[in-house]
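Given next, in C-alpha coordinates, is a single chain: the form predicted alone.
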(Lines give C-alpha, C1' and ligand atoms only; values in the text may rest on other atoms or scores of the structure.)
Protein backbone atom coordinates (compact mmCIF):
# COMPACT_ATOMS: atom_id res chain seq x y z
CA UNK A 1 0.00 0.00 0.00
CA UNK A 2 1.38 3.36 -1.02
CA UNK A 3 1.35 5.99 1.74
CA UNK A 4 2.27 9.47 0.57
CA UNK A 5 1.93 13.14 1.48
CA UNK A 6 3.02 14.15 -2.02
CA UNK A 7 0.47 15.49 -4.49
CA UNK A 8 2.85 14.70 -7.33
CA UNK A 9 3.38 11.11 -6.20
CA UNK A 10 -0.30 10.27 -5.82
CA UNK A 11 -1.07 11.92 -9.18
CA UNK A 12 1.67 9.95 -10.94
CA UNK A 13 0.54 6.72 -9.30
CA UNK A 14 -3.05 7.19 -10.46
CA UNK A 15 -1.85 8.08 -13.96
CA UNK A 16 0.07 4.80 -14.12
CA UNK A 17 -3.03 2.87 -13.04
CA UNK A 18 -5.13 4.58 -15.68
CA UNK A 19 -2.59 3.79 -18.38
CA UNK A 20 -3.18 0.17 -17.44
CA UNK A 21 -6.94 0.78 -17.92
CA UNK A 22 -7.61 0.35 -14.20
CA UNK A 23 -10.66 2.00 -12.63
CA UNK A 24 -9.84 4.20 -9.63
CA UNK A 25 -12.10 4.57 -6.60
CA UNK A 26 -11.72 7.23 -3.95
CA UNK A 27 -12.85 7.58 -0.33
CA UNK A 28 -12.06 10.98 1.25
CA UNK A 29 -11.86 10.98 5.06
CA UNK A 30 -10.60 13.05 7.96
CA UNK A 31 -9.16 9.95 9.60
CA UNK A 32 -10.13 8.42 12.96
CA UNK A 33 -11.45 5.58 10.83
CA UNK A 34 -14.23 3.30 12.05
CA UNK A 35 -16.45 0.58 10.59
CA UNK A 36 -18.45 3.18 8.67
CA UNK A 37 -15.33 4.21 6.76
CA UNK A 38 -14.43 0.56 6.20
CA UNK A 39 -17.82 -0.02 4.59
CA UNK A 40 -17.20 2.91 2.22
CA UNK A 41 -13.76 1.56 1.26
CA UNK A 42 -15.21 -1.91 0.67
CA UNK A 43 -17.97 -0.40 -1.49
CA UNK A 44 -15.36 1.49 -3.53
CA UNK A 45 -13.33 -1.72 -3.95
CA UNK A 46 -16.34 -3.51 -5.42
CA UNK A 47 -16.73 -0.79 -8.07
CA UNK A 48 -13.07 -0.18 -8.95
CA UNK A 49 -9.67 -1.82 -9.44
CA UNK A 50 -7.66 0.45 -7.14
CA UNK A 51 -8.89 2.49 -4.16
CA UNK A 52 -7.30 5.66 -2.81
CA UNK A 53 -8.18 6.79 0.71
CA UNK A 54 -7.34 10.35 1.73
CA UNK A 55 -6.77 11.29 5.36
CA UNK A 56 -6.81 15.05 5.87
CA UNK A 57 -8.36 17.11 8.66
CA UNK A 58 -9.54 20.05 6.61
CA UNK A 59 -9.23 23.36 8.50
CA UNK A 60 -11.49 25.16 6.03
CA UNK A 61 -14.62 23.35 7.24
CA UNK A 62 -14.16 24.19 10.92
CA UNK A 63 -15.55 27.36 12.46
CA UNK A 64 -13.48 29.49 14.87
CA UNK A 65 -15.02 27.86 17.96
CA UNK A 66 -15.17 24.30 16.63
CA UNK A 67 -12.97 21.29 17.33
CA UNK A 68 -10.23 21.46 14.67
CA UNK A 69 -7.41 21.34 17.23
CA UNK A 70 -9.03 18.49 19.17
CA UNK A 71 -10.40 16.46 16.27
CA UNK A 72 -9.21 12.84 16.77
CA UNK A 73 -6.03 12.06 14.85
CA UNK A 74 -4.67 8.50 14.81
CA UNK A 75 -2.75 8.12 11.57
CA UNK A 76 -0.84 4.93 12.41
CA UNK A 77 -4.01 3.14 13.47
CA UNK A 78 -5.79 4.43 10.37
CA UNK A 79 -3.04 3.07 8.13
CA UNK A 80 -3.34 -0.36 9.76
CA UNK A 81 -7.06 -0.32 8.98
CA UNK A 82 -6.44 0.69 5.36
CA UNK A 83 -3.92 -2.11 4.96
CA UNK A 84 -6.39 -4.57 6.45
CA UNK A 85 -9.02 -3.73 3.82
CA UNK A 86 -6.33 -3.62 1.13
CA UNK A 87 -6.60 -0.02 -0.01
CA UNK A 88 -4.12 0.59 -2.81
CA UNK A 89 -2.97 4.00 -1.60
CA UNK A 90 -3.45 6.46 1.25
CA UNK A 91 -2.97 10.15 0.57
CA UNK A 92 -2.04 12.10 3.73
CA UNK A 93 -1.26 15.70 2.73
CA UNK A 94 -0.30 18.44 5.17
CA UNK A 95 -2.22 21.72 5.35
CA UNK A 96 0.47 23.72 3.43
CA UNK A 97 0.25 21.15 0.61
CA UNK A 98 -3.49 21.63 0.23
CA UNK A 99 -3.56 25.39 0.92
CA UNK A 100 -0.24 26.87 -0.22
CA UNK A 101 0.04 30.60 0.38
CA UNK A 102 -2.66 33.24 0.33
CA UNK A 103 -6.02 32.28 -1.23
CA UNK A 104 -7.62 34.55 -3.82
CA UNK A 105 -10.49 32.29 -4.91
CA UNK A 106 -13.38 30.68 -3.10
CA UNK A 107 -16.50 28.64 -3.86
CA UNK A 108 -19.94 29.86 -2.81
CA UNK A 109 -23.11 27.78 -2.43
CA UNK A 110 -26.69 28.93 -2.94
CA UNK A 111 -29.76 27.48 -1.17
CA UNK A 112 -28.46 23.94 -0.58
CA UNK A 113 -26.60 25.05 2.57
CA UNK A 114 -29.36 27.22 4.10
CA UNK A 115 -30.90 24.48 6.24
CA UNK A 116 -29.84 21.40 8.20
CA UNK A 117 -26.14 21.57 9.14
CA UNK A 118 -25.51 24.58 6.92
CA UNK A 119 -27.85 26.78 8.97
CA UNK A 120 -25.82 26.50 12.17
CA UNK A 121 -22.35 26.06 10.67
CA UNK A 122 -21.68 29.02 8.34
CA UNK A 123 -18.85 28.33 5.91
CA UNK A 124 -18.90 24.61 6.70
CA UNK A 125 -20.03 23.35 3.31
CA UNK A 126 -18.00 25.94 1.43
CA UNK A 127 -14.95 24.45 3.16
CA UNK A 128 -16.02 20.92 2.26
CA UNK A 129 -16.70 21.77 -1.38
CA UNK A 130 -13.34 23.52 -1.60
CA UNK A 131 -11.32 20.57 -0.28
CA UNK A 132 -13.30 17.91 -2.18
CA UNK A 133 -12.86 19.86 -5.40
CA UNK A 134 -9.10 19.97 -4.73
CA UNK A 135 -9.01 16.24 -3.93
CA UNK A 136 -10.94 15.38 -7.09
CA UNK A 137 -8.46 17.43 -9.11
CA UNK A 138 -5.50 15.70 -7.45
CA UNK A 139 -6.76 12.11 -7.44
CA UNK A 140 -8.89 12.22 -10.62
CA UNK A 141 -11.02 9.25 -9.50
CA UNK A 142 -13.56 7.40 -11.60
CA UNK A 143 -15.85 6.94 -8.61
CA UNK A 144 -15.97 8.47 -5.13
CA UNK A 145 -17.93 7.09 -2.18
CA UNK A 146 -19.45 9.21 0.60
CA UNK A 147 -21.55 8.17 3.58
CA UNK A 148 -25.28 8.75 3.98
CA UNK A 149 -24.79 9.98 7.55
CA UNK A 150 -23.52 13.22 5.99
CA UNK A 151 -26.40 13.33 3.50
CA UNK A 152 -26.32 17.10 3.00
CA UNK A 153 -22.62 16.90 2.19
CA UNK A 154 -23.29 14.17 -0.37
CA UNK A 155 -26.09 16.10 -2.08
CA UNK A 156 -24.04 19.31 -2.25
CA UNK A 157 -20.98 17.53 -3.66
CA UNK A 158 -23.17 15.69 -6.16
CA UNK A 159 -24.57 19.02 -7.36
CA UNK A 160 -21.05 20.50 -7.51
CA UNK A 161 -19.89 17.60 -9.70
CA UNK A 162 -22.89 18.10 -11.99
CA UNK A 163 -22.50 21.87 -12.33
CA UNK A 164 -18.70 21.77 -12.73
CA UNK A 165 -18.96 18.93 -15.30
CA UNK A 166 -16.71 16.66 -13.26
CA UNK A 167 -16.45 13.17 -14.69
CA UNK A 168 -16.33 11.41 -11.33
CA UNK A 169 -19.33 9.23 -10.45
CA UNK A 170 -20.57 9.65 -6.88
CA UNK A 171 -21.94 6.81 -4.79
CA UNK A 172 -23.51 6.92 -1.34
CA UNK A 173 -22.83 4.29 1.29
CA UNK A 174 -25.50 3.45 3.85
CA UNK A 175 -25.18 4.46 7.50
CA UNK A 176 -23.33 1.92 9.64
CA UNK A 177 -24.69 1.69 13.17
CA UNK A 178 -23.67 0.27 16.51
CA UNK A 179 -25.85 -2.51 17.93
CA UNK A 180 -27.98 0.04 19.78
CA UNK A 181 -28.60 2.11 16.64
CA UNK A 182 -26.11 4.94 17.13
CA UNK A 183 -24.67 6.06 13.79
CA UNK A 184 -20.91 5.50 13.81
CA UNK A 185 -18.89 8.72 13.82
CA UNK A 186 -15.35 9.73 14.67
CA UNK A 187 -16.80 12.29 17.08
CA UNK A 188 -18.47 9.55 19.13
CA UNK A 189 -15.12 9.26 20.87
CA UNK A 190 -15.96 12.53 22.66
CA UNK A 191 -18.94 10.95 24.48
CA UNK A 192 -18.63 10.08 28.17
CA UNK A 193 -19.90 6.66 29.27
CA UNK A 194 -23.22 8.12 30.43
CA UNK A 195 -23.61 10.16 27.24
CA UNK A 196 -22.87 7.09 25.12
CA UNK A 197 -25.83 5.32 26.75
CA UNK A 198 -28.11 8.24 25.88
CA UNK A 199 -26.76 8.88 22.38
CA UNK A 200 -28.97 6.34 20.50
CA UNK A 201 -32.05 8.33 21.56
CA UNK A 202 -31.68 10.49 18.44
CA UNK A 203 -32.04 7.47 16.16
CA UNK A 204 -34.94 6.18 18.23
CA UNK A 205 -36.75 9.50 17.79
CA UNK A 206 -36.13 9.46 14.05
CA UNK A 207 -37.32 5.86 13.83
CA UNK A 208 -40.49 6.68 15.76
CA UNK A 209 -41.27 9.61 13.44
CA UNK A 210 -40.56 7.41 10.42
CA UNK A 211 -43.00 4.78 11.69
CA UNK A 212 -45.77 7.34 12.19
CA UNK A 213 -45.20 8.75 8.71
CA UNK A 214 -45.36 5.24 7.24
CA UNK A 215 -48.69 4.85 9.07
CA UNK A 216 -50.12 7.82 7.20
CA UNK A 217 -49.05 11.00 9.03
CA UNK A 218 -48.44 13.59 6.30
CA UNK A 219 -48.10 16.71 8.50
CA UNK A 220 -45.47 15.70 11.07
CA UNK A 221 -44.97 19.10 12.75
CA UNK A 222 -46.60 18.17 16.10
CA UNK A 223 -45.00 14.73 16.05
CA UNK A 224 -41.58 16.29 15.56
CA UNK A 225 -42.20 18.88 18.30
CA UNK A 226 -43.07 16.08 20.72
CA UNK A 227 -39.84 14.22 19.92
CA UNK A 228 -37.83 17.41 20.38
CA UNK A 229 -39.34 17.79 23.85
CA UNK A 230 -38.53 14.16 24.64
CA UNK A 231 -34.90 14.61 23.62
CA UNK A 232 -34.52 17.89 25.50
CA UNK A 233 -35.93 16.22 28.64
CA UNK A 234 -33.10 13.68 28.37
CA UNK A 235 -30.47 16.41 28.20
CA UNK A 236 -30.05 16.91 24.47
CA UNK A 237 -29.75 20.37 22.92
CA UNK A 238 -31.54 20.42 19.55
CA UNK A 239 -29.84 21.96 16.55
CA UNK A 240 -32.53 20.73 14.14
CA UNK A 241 -35.02 17.90 13.79
CA UNK A 242 -37.26 17.98 10.75
CA UNK A 243 -38.23 16.55 7.38
CA UNK A 244 -36.49 18.05 4.34
CA UNK A 245 -36.94 17.68 0.61
CA UNK A 246 -34.33 15.41 -0.97
CA UNK A 247 -34.27 17.68 -4.02
CA UNK A 248 -33.48 21.07 -2.49
CA UNK A 249 -32.81 20.33 1.22
CA UNK A 250 -35.60 22.64 2.37
CA UNK A 251 -37.99 21.92 5.27
CA UNK A 252 -41.30 20.33 4.28
CA UNK A 253 -44.59 20.88 6.13
CA UNK A 254 -46.77 18.42 4.18
CA UNK A 255 -45.56 15.14 2.73
CA UNK A 256 -46.79 14.05 -0.68
CA UNK A 257 -47.19 10.55 -2.07
CA UNK A 258 -44.33 9.78 -4.44
CA UNK A 259 -42.06 12.30 -2.71
CA UNK A 260 -38.50 11.72 -1.54
CA UNK A 261 -37.53 13.21 1.80
CA UNK A 262 -34.79 13.32 4.43
CA UNK A 263 -35.87 12.86 8.03
CA UNK A 264 -32.86 14.33 9.79
CA UNK A 265 -31.65 15.55 13.13
CA UNK A 266 -28.61 17.14 14.72
CA UNK A 267 -28.24 17.44 18.48
CA UNK A 268 -25.66 18.24 21.10
CA UNK A 269 -25.08 15.84 23.96
CA UNK A 270 -22.67 17.56 26.28
CA UNK A 271 -20.02 18.96 23.93
CA UNK A 272 -20.57 16.30 21.27
CA UNK A 273 -22.59 17.05 18.14
CA UNK A 274 -24.46 14.04 16.76
CA UNK A 275 -26.18 13.85 13.39
CA UNK A 276 -28.36 11.17 11.84
CA UNK A 277 -30.98 10.73 9.13
CA UNK A 278 -33.42 8.35 7.51
CA UNK A 279 -34.39 8.56 3.84
CA UNK A 280 -38.12 8.47 3.14
CA UNK A 281 -39.67 7.31 -0.13
CA UNK A 282 -43.45 7.74 0.03
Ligand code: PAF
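It should be emphasised that the depicted structure is a prediction, and the values quoted were computed from it without experimental measurement. Residue numbers count along the first chain shown, from 1.
This next part talks about the form predicted together with the ligand, which is not shown.
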Close approach of residue 131 to the ligand in the model of the complex, 4.5 Å, heavy atom | yes
Any of the heavy atoms of residue 150 lying within 4.5 Å of the ligand in the model of the complex?
-> yes
Find out whether any non-hydrogen atom of residue 58 is located within 4.5 angstroms of the ligand in the model of the complex, and reply yes or no.
-> yes
Is residue 146 close enough to the ligand in the model of the complex to count, meaning some heavy atom within 4.5 Å?
-> yes
Region of this chain that lies against the ligand in the model of the complex, out of 25-33, 248-256, 43-51, 215-223 [heavy atom, 4.5 Å] = 25-33
At a 4.5 angstroms cut-off on non-hydrogen atoms, which residues of 249-265 are near the ligand in the model of the complex? List them in order.
-> none
